Structures are given as structure tokens and as C-alpha cells.
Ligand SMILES: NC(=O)c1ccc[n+]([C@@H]2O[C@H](COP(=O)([O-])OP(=O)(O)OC[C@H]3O[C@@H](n4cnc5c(N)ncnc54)[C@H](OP(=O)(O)O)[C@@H]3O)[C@@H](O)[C@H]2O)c1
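Starting off, we have a lone chain in the form predicted alone, written out as C-alpha cells.
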């Protein structure tokens, strides 16, 4: 039976579709008209077009499919205005609800939904695992809230009889990043000498091939109604800069802004920009700086013990991302 992948034009989806094709699977991809769908150009896939917010369209999209990988999401690092918040909510929460309802009606055998580490609670005493609840009274971006609600919709669907599993992703880096992603833009800026400063901190990163493997394992072995966290390695920003230097042959930015100073700058920007330029992209929001300063770590024991997940090299994934950007002419010669 055919597999459908939503979000096939995104970073995760592009890598997942290629893995499924390599495994000999028959793949249908859900795309949006007018979006940048370069990621699936030249691939032997069935293309259907639709909007996650349209339930009727989602029923048509999943018809005839036996399994679903729901990777599509509206990713944003902005607080945004009410219209942007509504868009993030509708795409992520209502979109997931529609996919899950359509799966139930169509008799789909299993659904894997892409989750986010931003929807996992923080335990300052030890790495966070799947049992740590999301604390809603800390500052969070709308995206983080919606990914928490996405998990809630998955549990509701599971209660209604759907075999659904959540595959939780950390910050992805790797090839086939066509839009590109936040991490991809950071690597591109570094490689092109446009990254002028950085902020110390740390976070969990996952190689593109690892998060794809995590989704495959979640589909084949994941227990219904469960979620599994997938990461490759925790890196401090300084360690990330070390790898970027080695991979690109460029020096890191000379300006290293201390976390407390950057937090102050970001808080001022968070006050001013939403009021006058609410939808202008920003590299550092106060929430992003806060997360870096928290040094959040992930416990991936559940994925290892239940699914047999084994992470690979994050450095190799960064090298693959760089090589792919270079091949596509996105990195200028030095």
C-alpha cells in the first residue's frame, strides 16, 4: 500500500521521502500550491496538492494510503500578531486534527506525527525524557504551544482507536534543506561570511538521517499512543562553531555576545518589533536565547531501548549539509 508524506518539501520531509524511495516504497506527497516544492523535483512520487486546514481535501489526500508520515508544520520563531498566531495554530493543530480524523475514516493502519523537543518539559536536574510535562507558564513561542497541542490531538485520536506515534525531533541539520531551515540558514551565513556574531549556549541537535531513521523505527516498532525523542548529540554553540570552522574552512565570528547581554537586547527587540514589525524574521528572540542558555538536554533511552535507535555523527551530517549547499551553488567561493 502507498505511504503519504505531508511536509515533503520541508527539510525532514525531503530526507524522509528519499529514504522511503530508497527502501522501495510507493510514496505520495502532499504539497501546497504556490509553495517552494523544489525538494521533490525529479523524484518518482505521486503528487497531490492541498491545505491541511481543509478537512475535505485531507480526506481526499489520504484515500488509498495505508500509512501516513505527518511532517508538515508551520515553523516560526516569532510571537507574531494575531493573524500569524492564528495561522500557526490552524496549520499545526487543526491541520494535525484533520490528518488524524481523515486517517481514522480511511482506516489507515498507522500514523507517525513529527513532534518537537520544544513541546517536551525541561528538567534542570537531568536530561528531559518523554515523561517530563510541558510547563505552560514559562515564556514559550506560539510554535511551542501548538506542538504541545499537536501531541494532545494525537492522544485523542489514539483514544478513538488510531494507531498513532509521535516522533520528537530536536534541531535538524543535514542535506536536502531546500527552503532552507533555521539551522541551514545559520550554516549558510557562516559559510558565506555573513554570520557576524553568535551567542554562547547549548542545545540538542539531530542529524537529518537520524531523525528519518527515528521516523522509520517509530512506524515499524513504535507503540501506539507513545512518543519517542530523537537526538544525535548535545552541542554547545562554541562546539558547533568548532565544527563549522572545520567543515567550511572559515573562522567563526569574532563577536561572542554574552548570554545576559543578548537576553537584554532580545527583550528590547521583543517589545519593539512585535508592535511595529510583528512578522519580521529575527535570528534571536528572547525565547531562543533563553533556550540556548538553558542547555536543554535530551534523554533518548526510550528510543534506544524500545526501537533500537542508534544516533550517528552530527559532524558528518553538518559536512553533508555543507556539501549539498555547495553543490547547489548557495555557498560563495572564498
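Positions refer to the first chain, counted from 1. In this text, all values refer to a predicted model and were calculated from it rather than measured experimentally.
This protein has a second form, the form predicted together with the ligand, left out of what is shown; the following refers to that one.
Trainee: With a 4.5 Å heavy atom cut-off, would you call residue 170 a contact of the ligand in the predicted complex?
Mentor: Answer yes; at least one heavy atom of residue 170 falls within 4.5 Å of the ligand in the predicted complex.
Trainee: Answer for residue 9 alone: is it within 4.5 Å of the ligand in the predicted complex, judged on heavy atom distances?
Mentor: Contact check for residue 9: yes, within 4.5 Å of the ligand in the predicted complex.
Trainee: Does any heavy atom of residue 35 come within 4.5 Å of a heavy atom of the ligand in the predicted complex?
Mentor: Answer yes; at least one heavy atom of residue 35 falls within 4.5 Å of the ligand in the predicted complex.
Trainee: Contact between residue 148 and the ligand in the predicted complex at 4.5 Å, heavy atoms?
Mentor: It does not: once the ligand is placed as it appears in the predicted complex, residue 148 has no heavy atom within 4.5 Å of it.
Trainee: Among 53, 63, 47, 304, which has at least one heavy atom within 4.5 Å of the ligand in the predicted complex?
Mentor: Spelling it out, the residue with a heavy atom inside the cut-off is 53.
Trainee: Have a look at 112, 73, 102, 240 for me and say which one sits with a heavy atom within 4.5 Å of the ligand in the predicted complex.
Mentor: Partner contact (heavy atom, 4.5 Å) among the options: 73.
Trainee: Specify the contacting stretch among 194-202, 74-82, 125-133, 221-229, defined as having any heavy atom within 4.5 Å of the ligand in the predicted complex.
Mentor: In the other structure, the partner sits against 74-82.
Trainee: Check, residue by residue, if 214, 233 and 321 all come within 4.5 Å of the ligand in the predicted complex, counting heavy atoms only.
Mentor: Answer is no for this spot.
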